[in-house]
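One chain follows as structure tokens, the form predicted alone.
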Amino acid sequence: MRKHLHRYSRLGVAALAMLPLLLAGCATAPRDYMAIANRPNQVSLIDLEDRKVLRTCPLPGRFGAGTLQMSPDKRTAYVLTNQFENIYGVDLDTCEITFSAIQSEGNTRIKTTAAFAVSQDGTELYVHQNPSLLLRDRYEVQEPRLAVYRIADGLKAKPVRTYSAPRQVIVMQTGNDGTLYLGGSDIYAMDAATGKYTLKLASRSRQEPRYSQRDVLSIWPLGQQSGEFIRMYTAQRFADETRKPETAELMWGYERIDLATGEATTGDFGPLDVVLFSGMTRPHHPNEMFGALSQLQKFDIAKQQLVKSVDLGHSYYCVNFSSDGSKVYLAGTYNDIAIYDADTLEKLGNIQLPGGDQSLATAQVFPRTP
């Protein structure tokens, strides 16, 4: 009898040892979600698997610009609003405002175009600030700066560190090692602990005999789905060093920082036939570049060729992808999200947002457990 009891007790111990594995197997798998801001001044959490708006959270103040960055745990959305001045952190599960950075104070007005980012550990917020003194008879432009906020300071956050920063910085992103990348006339790498920065990738200052000066439009911090900080440029590519405009090709190109390794790459990816506002490489397909505005276009980077183009029902400013790279999501302008198949560019549907237009808002797509 004791032998049998001993055997059953051993079976019980084995079953208990297997319990964590069994529970892990029953755990809910991550799903893709999107966070997006729109008018009058609100941010929505969308379940992209069900194509359903789960909840819409009001934000203080007035709308603008709707630039959005997610916390590392994908629970809090940090949104630039109130006409490019304030940044709020909102818990997307409860709609509670958990963080507030009111930048303007006294007679100092501070604007941030779209340049802010969250540290990799979620403890700090980095903001590129453009201050101006409002005097009785004039505005006096001040030097730009990088302000660092502590997330733990909550609704009364003030900068805990400030550093001198380059002018004309429009977008920012943090690398996996904590390096802060600032996208302005060139792309810079900054140590957020010391404020020291270096040139990471030359853009406007780039000297190429067979190319004109690059032109960059970049106001959407995109690329996390592909592990990149990326923006597009346009330039004339001349036939030779005589630089004759009549023989030049108009080209699209990309400037890319690998967020995991810090490697900087740049190059043409296709002909400039139509205007595009934003683009990024397709997740798990690094040779495919997608861009959108009035058309959705797909390029083969290695061949520098347009693969396919489809007309859109209306303009969309902001492009993003599902985590597996199978779907393209288009946002910005009106109050809908368009969904396309990344292989065929066939339209799969739309998601309607409550409220008004999204304007320049950034659509961030991310996986997380429900």
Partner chain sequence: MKKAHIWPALCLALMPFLPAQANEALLRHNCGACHADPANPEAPLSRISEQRKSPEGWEMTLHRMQTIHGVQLSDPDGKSDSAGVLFQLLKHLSDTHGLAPAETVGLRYTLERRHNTVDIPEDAEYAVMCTRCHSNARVALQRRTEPEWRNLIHFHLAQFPTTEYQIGGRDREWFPIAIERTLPMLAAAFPLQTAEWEAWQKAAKPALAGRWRVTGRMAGKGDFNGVMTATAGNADSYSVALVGEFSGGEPLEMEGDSVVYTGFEWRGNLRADAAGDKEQYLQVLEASADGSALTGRMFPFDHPERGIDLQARRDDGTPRLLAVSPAYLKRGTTATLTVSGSALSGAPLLGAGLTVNRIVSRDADRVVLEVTAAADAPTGARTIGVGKASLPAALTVFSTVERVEVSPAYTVGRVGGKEGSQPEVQGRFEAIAWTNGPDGTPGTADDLRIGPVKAQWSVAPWNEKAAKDRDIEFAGSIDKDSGIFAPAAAGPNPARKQSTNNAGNLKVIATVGEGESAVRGEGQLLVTVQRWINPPLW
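Values in this document were obtained by computation on a predicted structure and should not be read as measured data. Positions refer to the first chain, counted from 1.
FYI, the form predicted together with the partner chain isn't displayed, but the following is about it.
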| property | result |
| --- | --- |
| Location of the partner chain contact in the predicted complex, chosen stretch of 40-48, 58-66, 322-330, 304-312 [non-hydrogen atom, 4.5 Å] | 304-312 |
| Of Q224, T162, S119, S132, the one that lies within 4.5 Å of the partner chain in the predicted complex (heavy atoms) | S132 |
| Contacting member of T266, T179, T108, S294, with respect to the partner chain in the predicted complex [4.5 Å, heavy atom] | S294 |
| Interface membership of R204, the partner chain in the predicted complex, 4.5 Å heavy atom rule | yes |
| Heavy atom of A192 within 4.5 Å of the partner chain in the predicted complex | no |
| Heavy atom of I170 within 4.5 Å of the partner chain in the predicted complex | yes |
| Partner contact for E246 in the predicted complex: the partner chain, 4.5 angstroms, heavy atom | no |
| Residues within 4.5 Å of the partner chain in the predicted complex, restricted to 206-237 and counted by heavy atom | Q213, D215, V216, L217 |
